[in-house]
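In the block that follows, a single chain appears as structure tokens, in the form predicted on its own.
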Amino acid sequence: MTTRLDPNLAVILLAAPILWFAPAGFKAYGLYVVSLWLVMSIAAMGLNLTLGYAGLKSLAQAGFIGIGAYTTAILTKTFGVSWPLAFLASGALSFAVGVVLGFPALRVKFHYLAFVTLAFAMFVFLVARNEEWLTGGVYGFSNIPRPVIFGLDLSRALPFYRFVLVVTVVLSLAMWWLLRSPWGRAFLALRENWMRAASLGVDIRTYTLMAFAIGSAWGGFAGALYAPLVEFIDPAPFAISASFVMLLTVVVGGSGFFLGPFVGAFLSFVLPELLRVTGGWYLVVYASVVLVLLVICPTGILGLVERARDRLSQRRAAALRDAARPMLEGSEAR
């Protein structure tokens, strides 16, 4: 008996060695862009769990990236805590805040929940901007140190990019395992019909809170990588507009598809840089591309790919039926 390798897992395992060597010739800015793509893919992965798999409308992911970034900056720069501990603390704090934020999801649904999470994102931004004693205010934190792992200095662009790649692969595998577990099936049940899920014995309260908490933790992990990547943080990257960009990332890539966050993050963070060859028109061209994609494939790029694959399968099945029909008719005639 042979077991079929999951296509999503196969893509991760195949892409990891390619991404390890492919950017070796990039300059510092190119490595920064691909590192940012991976970091934001992690954050989008968490929002995809909350929105795409559990069906909970959230506009708070940029706030959790900010929580993770500021937690890492404060612990590593101010208190001299090692980056691995700061990374875990960022995820744990985001997880705890995500549990608290998940409680409104037990009482409000749909766009009302989106408004609640949007208010939370605004709260995080205001704290980061106004509480100078904690966050540095508009001056932020500068000279955030990059980690030293097992004696390896990751201050240069290429080693740090490869480190981010390793963390991304680990978190991707953890998310893949989670979605294939009974927890993943419970999240899908919440998205499809939470009343039916409750009637089948799914603990709606627990899984709703966990969907928010785990998705938030992934945002915190992304923030813990974002802080040493840019080496300077201020409130601007975590404004409300950033939450809408994260939502766009998940929707355009394909909400509810495992690889959707990677595709969406490429379109949100890498494509604008590639379009700079158009000069001052790059934002106009980028907005036009996004609008066309949303019109053509409202379920995201991977949704369009899945529809094309289904149509191809249907055509092949029809062709096989047409080819077999003369044989069946001949056997009936005999």
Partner chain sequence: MTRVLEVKGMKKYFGGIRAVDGVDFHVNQGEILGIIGPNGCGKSTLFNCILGQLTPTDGEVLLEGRPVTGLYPSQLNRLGVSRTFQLLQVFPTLSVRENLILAGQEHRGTKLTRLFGRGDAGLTDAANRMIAFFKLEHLADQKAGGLSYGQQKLLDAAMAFMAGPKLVLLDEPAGGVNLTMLAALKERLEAINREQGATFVVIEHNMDFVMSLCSRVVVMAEGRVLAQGTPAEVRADPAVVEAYLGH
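Numbering follows the first chain given and starts at 1. Because the structure is a prediction, the values reported are computed rather than measured.
This protein has a second form, the form predicted together with its partner chain, left out of what is shown; the following refers to that one.
Student: State yes or no: in the predicted bound form, is some non-hydrogen atom of residue 151 no more than 4.5 angstroms from a non-hydrogen atom of its partner chain?
Tutor: Close contact is absent here: in the predicted bound form, residue 151 is far from its partner chain, nothing within 4.5 Å, heavy atoms only.
Student: Can any non-hydrogen atom of residue 143 be found within 4.5 angstroms of its partner chain in the predicted bound form?
Tutor: Because no heavy atom of residue 143 falls inside 4.5 Å of its partner chain in the predicted bound form, the answer is no.
Student: Is residue 129 a contact residue for its partner chain in the predicted bound form, using a 4.5 Å heavy atom cut-off?
Tutor: Output for residue 129 is no: heavy atoms all beyond 4.5 Å of its partner chain.
Student: Would you check, heavy atoms only and a 4.5 Å threshold, whether residue 205 touches its partner chain in the predicted bound form?
Tutor: Flag for residue 205 set to yes.
Student: Just give me the single entry in 99, 178, 248, 119 that has a non-hydrogen atom within 4.5 angstroms of its partner chain in the predicted bound form.
Tutor: Checked against the cut-off, the match is 178.
Student: Of the options 113, 197, 229, 259, which one has a non-hydrogen atom that comes within 4.5 Å of its partner chain in the predicted bound form?
Tutor: The residue from 113, 197, 229, 259 that makes the contact is 197.
Student: If contact means a heavy atom within 4.5 Å, which one of 260-268, 133-141, 184-192, 91-99 is the stretch that engages its partner chain in the predicted bound form?
Tutor: Comparing against its partner chain in the predicted bound form, the contact stretch is 184-192.
Student: Pull the contact list for 243-261: residues with a heavy atom within 4.5 Å of its partner chain in the predicted bound form, in sequence order.
Tutor: Residues within 4.5 Å: none in this stretch.
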